[in-house]
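Next up is one chain by itself, shown in structure tokens, the form predicted alone.
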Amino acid sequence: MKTDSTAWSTKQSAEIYGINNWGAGYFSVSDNGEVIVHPHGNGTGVSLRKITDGLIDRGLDMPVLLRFSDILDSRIQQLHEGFGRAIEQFEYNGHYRGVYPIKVNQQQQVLEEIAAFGAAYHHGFEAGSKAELIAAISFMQDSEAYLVCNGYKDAEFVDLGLLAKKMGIQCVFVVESPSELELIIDRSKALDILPIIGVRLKLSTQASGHWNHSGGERSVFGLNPSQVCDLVDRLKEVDLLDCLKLLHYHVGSQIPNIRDIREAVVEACRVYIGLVNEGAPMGILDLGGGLAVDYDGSHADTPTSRNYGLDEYCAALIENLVSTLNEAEVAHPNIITESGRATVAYYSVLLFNILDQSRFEIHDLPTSLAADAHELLHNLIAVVNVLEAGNAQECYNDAFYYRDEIHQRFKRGAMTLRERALAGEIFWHIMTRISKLTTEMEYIPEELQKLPAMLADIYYGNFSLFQSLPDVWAIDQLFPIMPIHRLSEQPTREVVLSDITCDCDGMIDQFVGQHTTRDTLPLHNLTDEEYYLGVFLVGAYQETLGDLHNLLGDTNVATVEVSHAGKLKYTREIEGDSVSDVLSYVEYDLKRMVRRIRKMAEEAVHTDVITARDRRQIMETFENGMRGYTYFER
């Protein structure tokens, strides 16, 4: 980084945070140093800082999950238009019908808006449980949209789907295991409703990435080719082969490599052709999920990125479908994709303020040591005096050796507390100087590359990693994080982030960099002004995977719309969990708790420990605390 902050530009801020690489046209940095959201993709936008100020003025505390309805609309539109272009280019005769997998984000607002925005494209839903199925049915108003039922199914699940079909919904039961077929047959006979049946295929093709176990011959769900043939035979026996309409496969979420996508669709086409030749009417091919989000902006074949764009994804699928099906002279089916992550990831941003910091600061060393100072302290000072770029690795090794020796002697009582403290100051002085000297080196040894992270500040953010960003903790997911303001200033601190849970795992120490990942995040010095960070692309999976670690509950949620003219409208506010909410989630009897506190306070009055007025203050404070937000309130 440059040392002259007056020469810093917002363009440099955009580069170090990679916003133009991962923002997909929805986010940029303005000339005055604020993050701008462009909900319609490029074009007119509005400042996130302006939105944040509006939320604070309305009484909504940080942290806040900010949703952009227009981005969701844009994502659905782009998906359908991408397939529309590919269908026209390759003269494909079937229709594209997207479905949204509810498990990706089950919030009511998400389903409401997908149903509304997707209506023009006959966009449907995918449900994997009874609760999801009921939620989907309540929003299904389109007889041309599909409702795909995956997951394990009991009789009640099947009855719900059959009755939905009777009401005109294209509800498809995807057989995930051989035992499900008999249940579907039995319930359809009992209700006298012919089902629409699909089958999930276990492909031999296996993709790379975090979720590659979803595909392959040893995947948990689906039927192998032999079991698919058994299903066909059974349907023929009960004269229901005409109900077999759909073939489904899924090779994983967040597939980073386009070659895996191409190979999977060709293999599935061959099975589809085989089912047509068996006499099944078919007509629908569900290509599953997998359309990846470029979280780190590297456009690479890595778990947090992808080496293709939306148009290439659509063209790859349609091109392989056309060539394979035309060769076999099989009619083109309608195609479904279950692109949940790519639909909702950009839709949400987590905003939080920084509460405090723990800065790594080095004190001035004494000019000399007392003659009777411990020999190991003299040895450490000697390292300071000879340190230069040419011997940095040797001095690094010596410093660690002497420090470890001092630690051992201190544990045995052979060194005083002040000697131990002075040794620490000398050691970290050496590490800091070595870190600065690495800028002069052509080759930086691997050990020395770790120094910036060792010397990083800790900024404490007003959020819970486990509640709002569980994938960071669980699978090392990378989300873009950056300040939403002050981007015309040079960030001068290298930082790792800690949440407010009392847990060492509540830390973020991997960040999106310039086409790479970094161990620290460049941030600004804290001032009296609130400092706000945004975590981007968090719309998929994070909201309902979160837990109640430290009983920190759901955050406040706000939804905004931005017109094409740039007019901002706050359309929905949902208050986050109160303390009483989260206590009730973990089965506390709130009324009983209040009675116990009141009894305790009254006993204290009775024994003259407190006054009656004190008791009133205690109860008011306790009851206000129960109503309060679970996060830090200014």
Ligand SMILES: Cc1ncc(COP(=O)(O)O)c(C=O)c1O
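The numbering used is simple: start at 1 and walk along the sequence shown. A quick note: this is a predicted structure, and the numbers were derived from the prediction, not measured.
Separately, the form predicted together with the ligand exists; it is not shown, and the next lines address it.
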message: Test of understanding: in the model of the complex, would Asp499 fall inside 4.5 Å of the ligand by heavy atoms?
response: no
query: Is there a heavy atom of Val104 no more than 4.5 Å from a heavy atom of the ligand in the model of the complex?
result: yes
- prompt: Looking in the model of the complex, any heavy atom of His250 within 4.5 Å of the ligand?
  reply: yes
query: Any of the heavy atoms of Glu126 lying within 4.5 Å of the ligand in the model of the complex?
result: yes
query: Has each of Ser348, His485 and Thr559 got a heavy atom lying within 4.5 angstroms of the ligand in the model of the complex?
result: no
- request: Determine which one of 548 to 556, 75 to 83, 399 to 407, 337 to 345 lies within 4.5 Å of the ligand in the model of the complex, judging by heavy atom distances; exactly one does.
  value: 337 to 345
Answer option from Tyr541, Phe157, Phe511, Phe427, heavy atom within 4.5 Å of the ligand in the model of the complex: Tyr541
- request: Heavy atom within 4.5 Å of the ligand in the model of the complex: which of His332, Arg200, Lys245, His374 fits that? Just give me the one.
  value: Arg200
- prompt: So which bits of 264 to 301 sit within 4.5 Å of the ligand in the model of the complex, heavy atoms only?
  reply: Gly289, Gly290, Leu291
